[in-house]
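The chain below stands alone and is given in structure tokens; this is the form predicted alone.
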Amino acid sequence: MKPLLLLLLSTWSMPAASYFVTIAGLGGTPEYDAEFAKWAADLDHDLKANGPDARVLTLTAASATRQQIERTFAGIAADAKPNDSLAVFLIGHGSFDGTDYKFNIPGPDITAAELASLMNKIPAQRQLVVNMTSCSGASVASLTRKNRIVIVSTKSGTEKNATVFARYWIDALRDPAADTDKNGTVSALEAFDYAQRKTAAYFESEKLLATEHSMLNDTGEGSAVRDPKPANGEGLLAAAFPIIRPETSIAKATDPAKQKLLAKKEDLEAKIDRLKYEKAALSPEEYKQQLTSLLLELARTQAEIDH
């Protein structure tokens, strides 16, 4: 391991508070509202397993307003110290008008520049933002800053379809396979690599044209890249930023029974996505019946995983 990475790992692993902010925006339809709320709840659950030093704040649906977002970031800005860390996760839909990226929330949408301004006021020097919305690639330029890792689910503002990257980002925090160096911790880079790989496999298995291509930037300059590595200088900070620490949910998912449940969960989620594509060919009653059945089975499976 390179000396600089060892230094970063030792410094960034020092005891300090870790602030995690998850914001789930508007779904636009009942199925997306339910999906986004579930992803936010799953993320909230897993992040709280990090222990007492994890300050987990989650805003969903009606609570994810501009006013509440500003209040949440202001509270962190007042409490956080320079050696603390901040991770922000955006789930939902985004838009891009050719000039500004906007995150779709109740009331007036919030731009990437406005989100960056809120994060800039927080003294925590180690920062991560994972924008898992459609059009999120357009937010990179505004969010990029020194010592901030920026991960987006699309390569540009023109990839406008609803994304599945968030699903696999959450799975990365639960699947031991994401912990590639087997140190019991899933880093931002490991979660990115896992979610990117799973997203690509999803489109291949469903025989669909890929409508999202995740990117990462952690140098504070230049463009985001698809394949962070030493050759392009990207990924160093992300490799040293822990998302799930030892003795948390990643360690609980190693037994074969849990692995079967995780596989079942992934299959159910794929079936739900497939049903969405087939919605136009079904009657409203048939679509609702099939969707309800799949969502109930998914909820039961998730309950077994969490047990």
Partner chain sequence: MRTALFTLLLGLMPPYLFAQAESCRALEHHGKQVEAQACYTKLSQSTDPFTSAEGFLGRGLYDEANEQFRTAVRLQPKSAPIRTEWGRLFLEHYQPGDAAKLFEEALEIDPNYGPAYLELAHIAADRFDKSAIDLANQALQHDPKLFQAHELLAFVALEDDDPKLAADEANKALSLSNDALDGMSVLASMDWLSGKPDSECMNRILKIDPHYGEAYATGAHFFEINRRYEEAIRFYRKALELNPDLWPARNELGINLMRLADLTGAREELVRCYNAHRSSPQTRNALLFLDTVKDYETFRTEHAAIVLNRKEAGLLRPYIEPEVERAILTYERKYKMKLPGPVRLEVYPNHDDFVVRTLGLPGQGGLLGVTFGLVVAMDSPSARPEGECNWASTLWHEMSHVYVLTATHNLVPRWFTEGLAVHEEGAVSPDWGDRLTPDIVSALQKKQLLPVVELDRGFVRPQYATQVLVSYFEAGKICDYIVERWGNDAIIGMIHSYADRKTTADAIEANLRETPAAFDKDFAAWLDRKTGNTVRHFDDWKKGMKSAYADLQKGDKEGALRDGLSVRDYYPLYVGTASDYELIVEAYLGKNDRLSAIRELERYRAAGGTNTDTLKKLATLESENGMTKEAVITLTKLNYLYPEDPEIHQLLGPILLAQHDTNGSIREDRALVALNPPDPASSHYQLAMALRAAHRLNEAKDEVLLALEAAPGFKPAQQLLLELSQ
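The term rigid core refers to the maximal set of C-alpha atoms that superpose within 1.5 Å between the two forms. Positions refer to the first chain, counted from 1. Please read these numbers as outputs of a predicted model, since none were measured by experiment.
The same protein has a further form, the form predicted together with its partner chain, not shown here; the description that follows concerns it.
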In the predicted bound form, the one of Lys81, Lys229, Lys182, Lys146 near its partner chain [non-hydrogen atom within 4.5 angstroms]:
Lys182
I'd like to know if Leu298 sits close to its partner chain in the predicted bound form, meaning any non-hydrogen atom pair within 4.5 angstroms.
yes
Considering only heavy atoms, tell me if Arg66 and its partner chain come within 4.5 Å of each other in the predicted bound form.
no
Test of understanding: in the predicted bound form, would Thr292 fall inside 4.5 Å of its partner chain by heavy atoms?
yes
Verify the contact flag for Arg197: yes if a non-hydrogen atom of it lies within 4.5 Å of a non-hydrogen atom of its partner chain in the predicted bound form, no if not.
yes
Arg71, Phe73 and Ser95 all contacting its partner chain in the predicted bound form, non-hydrogen atom within 4.5 Å
no
If I superpose the two forms on their rigid core, does the C-alpha of Leu298 end up displaced by 2 Å or more between the shown form and the other one?
yes
Shown form as baseline, in the predicted bound form, CA Glu297-Gly28 shift of 3 Å or more puts them farther
Work out whether the Cα atoms of Ala299 and Gly184 come closer together or move farther apart in the predicted bound form than they are in this form, the change being 3 angstroms or more.
closer
